[in-house]
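Shown here is one chain on its own, the form predicted alone, set out as structure tokens.
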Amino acid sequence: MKQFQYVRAANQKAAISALTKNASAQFIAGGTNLIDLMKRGITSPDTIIDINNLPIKAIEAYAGGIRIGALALNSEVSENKLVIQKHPLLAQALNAGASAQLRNMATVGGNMMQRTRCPYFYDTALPCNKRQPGTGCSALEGFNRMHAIFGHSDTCIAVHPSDMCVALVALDATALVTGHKGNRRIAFADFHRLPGDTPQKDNNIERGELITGVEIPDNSFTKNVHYLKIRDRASYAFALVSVAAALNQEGNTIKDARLAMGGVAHKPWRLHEAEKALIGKKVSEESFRNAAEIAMKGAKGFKYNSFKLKMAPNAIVEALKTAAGMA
């Protein structure tokens, strides 16, 4: 790790100003991903800007939803009574992530900004378009067991690692950011990017912008929800496939549904068509399997991850059954 300058920002304006003055400067909050990247030599900022003193940690209700500050810790959010009451799906997803120790350090904003855990991205001896654009994607012909089956391109097949973000995209959250040009709201579905021909760009944050929080609108998904994470170990492992499932049931009829997946794409993967297929249907395994079949349209596996083509629809069915109280 190379030497760097450490700056503690006193307010948002100072933080943004410090970031824009140095092209390689980066914000640090919990540091649970950034420090790893610095140790590996994947990122080498000249300046680290500590934003932990900024007043963006609150978890509070507003008219029509709840607002969670970017510096709120993952553990605090998952244990917050307001979150558990209004958005239990988010609490479940957060508790499925990382380890208790990391959740006690990791922040909401940092979780949103974390980078892929693709082993080729972390191995600086091998080509990686995400780390060094134009060098190639080693995963295409390499050991691609953990990689994408949706939304990939010839330049990158890496997946986004967050569990929290899968729940937030299912819940129609909005990311709040601020910069020299003022405040901006980004629909969570548009916050992260697919790789296309610019896989080095993980999200749509502009240089000089700071995430200040997320807003989640009130909804009817307070009871029949489930976050299913299939992984190699019971804890501290990233998803092979994960599913955020939420149902609004009236008796045995599905009035509304939300579905999103993790471990399958470069961004949290929302399943809009599968959701539509569930609305008005009876709660049944047949309805869930039909939705899962629709969800898999366009999926494509590679040499070592084709098992996901079977695992993913089965995971969708299992998550929906558990959410509906059938499992």
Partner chain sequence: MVFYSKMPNLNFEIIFNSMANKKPGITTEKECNGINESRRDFLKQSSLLTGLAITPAAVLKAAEEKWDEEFASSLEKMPLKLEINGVNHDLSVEPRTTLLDLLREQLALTGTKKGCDYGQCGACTVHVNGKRVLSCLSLAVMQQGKKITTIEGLADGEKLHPMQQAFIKHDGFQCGYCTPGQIMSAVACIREGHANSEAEIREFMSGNICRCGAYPNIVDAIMEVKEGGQQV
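Everything numeric here is computed off the predicted structure, so don't read it as measured data. Positions refer to the first chain, counted from 1.
Heads up, the form predicted in complex with its partner chain isn't pictured, but that's what we're talking about next.
- Residue contact check for G31: one or more of its heavy atoms lie within 4.5 Å of its partner chain in the model of the complex.
- A residue is said to contact a partner when one of its heavy atoms sits within 4.5 Å of a partner heavy atom; R103 meets this definition for its partner chain in the model of the complex.
- At least one heavy atom of E79 is located within 4.5 Å of its partner chain in the model of the complex.
- Contact check for M311: no non-hydrogen atom falls within 4.5 Å of its partner chain in the model of the complex.
- Comment: its partner chain is not present in this chain, but in the model of the complex one of M296, V283, I59, I48 has a heavy atom within 4.5 Å of it, namely I48.
- In summary, among the residues T124, T253, Q132, S99, the only one with a non-hydrogen atom within 4.5 Å of its partner chain in the model of the complex is S99.
- The candidate stretches are 232 to 240, 107 to 115, 138 to 146, 201 to 209, and the one lying within 4.5 Å of its partner chain in the model of the complex by heavy atoms is 232 to 240.
- Residues of 14 to 43 that come within 4.5 Å of its partner chain in the model of the complex, judged by any heavy atom, are A14, A18, K21, I28, A29, G30, G31, T32, I35, D36, K39, R40 in sequence order.
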